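Quick heads-up: it's one chain on its own, the form predicted on its own, in structure tokens.
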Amino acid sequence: MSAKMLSFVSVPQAQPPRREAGERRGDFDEIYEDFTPAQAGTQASRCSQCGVPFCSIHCPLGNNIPDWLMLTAEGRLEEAYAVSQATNTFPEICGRICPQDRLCEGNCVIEKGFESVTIGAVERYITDTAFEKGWVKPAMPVRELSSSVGIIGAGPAGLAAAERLRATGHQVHVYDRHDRVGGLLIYGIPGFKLEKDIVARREKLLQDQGVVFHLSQAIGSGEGEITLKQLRERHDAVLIATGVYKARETGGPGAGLSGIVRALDYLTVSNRRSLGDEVPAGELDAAGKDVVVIGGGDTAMDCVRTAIRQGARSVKCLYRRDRANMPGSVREVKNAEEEGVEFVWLAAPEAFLGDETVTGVRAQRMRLGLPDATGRQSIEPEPDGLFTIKADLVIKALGFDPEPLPELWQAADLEVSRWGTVKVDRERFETSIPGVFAAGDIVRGASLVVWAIRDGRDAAAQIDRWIGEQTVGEQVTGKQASAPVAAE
């Protein structure tokens, strides 16, 4: 083992330099700076190189974290990047937006009191350095294949699958209803967590690799849309990687008032404005307003911190459980509090006040009860616990459900679960329609970007295997393989 490791006993944990809250409230730039080479090496050297690396076990991608930490500590950054990118298609993105406190860092085995290794920041440093040094190259195929794969959705799962399939030699075409590549990475995540040029440089790598993008192209049966049937005729295999974007609603009196908006609508308009697009002013702008965000996940954190930057008069986050039971990243909650967000714990909306436009939220104080079937504490209303919060903009960040794809796409043979997610063979990722596969949130439900990347990579391997099996079958029966699809 290198003598540079095991320094956690003498070196304290340190995060990268972070801009002051007063400064970062005024823009949508990322709040963390990169480590210096010395800082990255020092923090990486804190790794204990344990025999059973729980950081890797609890990483959805199974990243070889102790290996690239050791290489970073030794100053062997190009090798560290090679190890990192071997399992992760987008390490610079995961280093920025993964909730490391719930995954790798949260399962670091360094003894309590010494604090975990700063894994996410080192991962970001490695890949940003690799881009600066020109080490990041498109994964070009060794040989071109005639087979063609169509991917529906240019989000994390679709892009991860596209990169892997193209590296294998397949002709890859990605279709997306939006006008930019990235999906949630572009329109759902604010720039202060992920600046958009980070996504754009990955898009360029994919284009250089030979992936063809068809943007502003919806799938369906309407005018200008492509049907699933047409895609199946056009390609040897199709991957559904649409994600889930249908907002969960909250009921109660006044739920239909103006000024009550969905989180993704709000974040999309804000991101479009930051990208320079023309967007209408109005209820999707928090400037000068008293804002209440309902929810406790990372999307809620994105909304409250966006509202602060838009110049809201006040921003409150209403969550029905306490801080310890909040699903969002602990780090994001801390950042939000520093920037001026007020958290109202153990409170659930009961009604929305106002005539035509919302003026307030009537909320119910809650208390934690006994654990439910999932092991999570249930919640109960406090007697006489009603109170009112002033609000002229309410943002609902309650999670997302799948859109009804069989109806939207007129694909009655596409089987879905009772939750609306697409049913697949769990090992092969194949749907009820032969040659049509699915991966990411549209299969597992709303989840983390890192899980979407994992699913996209795994689905790509199964699609490659399936196409290989079909090709062998065609050769046995004397049929000709399909011709490659020309770029449109």
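Since we're looking at a predicted model, the values are computed, not measured. In case it trips you up, residue 1 is the first one in the sequence shown, and so on.
Just so it is clear, the following notes concern the form predicted together with ligand FAD, a form of the same protein that is not shown.
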- Query: Using a 4.5 Å cut on heavy atoms, which of A161, A154, V172, V292 is close to ligand FAD in the model of the complex?
  - Reply: A154
- Query: What is the one choice in L184, A391, A336, A237 with a heavy atom within 4.5 Å of ligand FAD in the model of the complex?
  - Reply: L184
- Is E74 close enough to touch ligand FAD in the model of the complex, meaning at least one heavy atom pair within 4.5 Å? no
- Task: Check whether F400 has any heavy atom within 4.5 Å of a heavy atom of ligand FAD in the model of the complex, and answer yes or no.
- Result: yes
- Message: Does any part of L165 reach within 4.5 Å of ligand FAD in the model of the complex? Heavy atoms only, please.
- Response: no
- Query: Wondering, does A218 line up within 4.5 Å of ligand FAD in the model of the complex on heavy atoms?
  - Reply: yes
- Taking K137, V212 and W466 as the candidate spot, are all three within 4.5 angstroms of ligand FAD in the model of the complex by heavy atoms? no
- Item | Which of 279-287, 294-302, 320-328, 350-358 sits within 4.5 Å of ligand FAD in the model of the complex, heavy atom basis | 294-302
- Query: Looking at ligand FAD in the model of the complex, which residues in 408-428 have at least one heavy atom within 4.5 Å of it?
  - Reply: W409
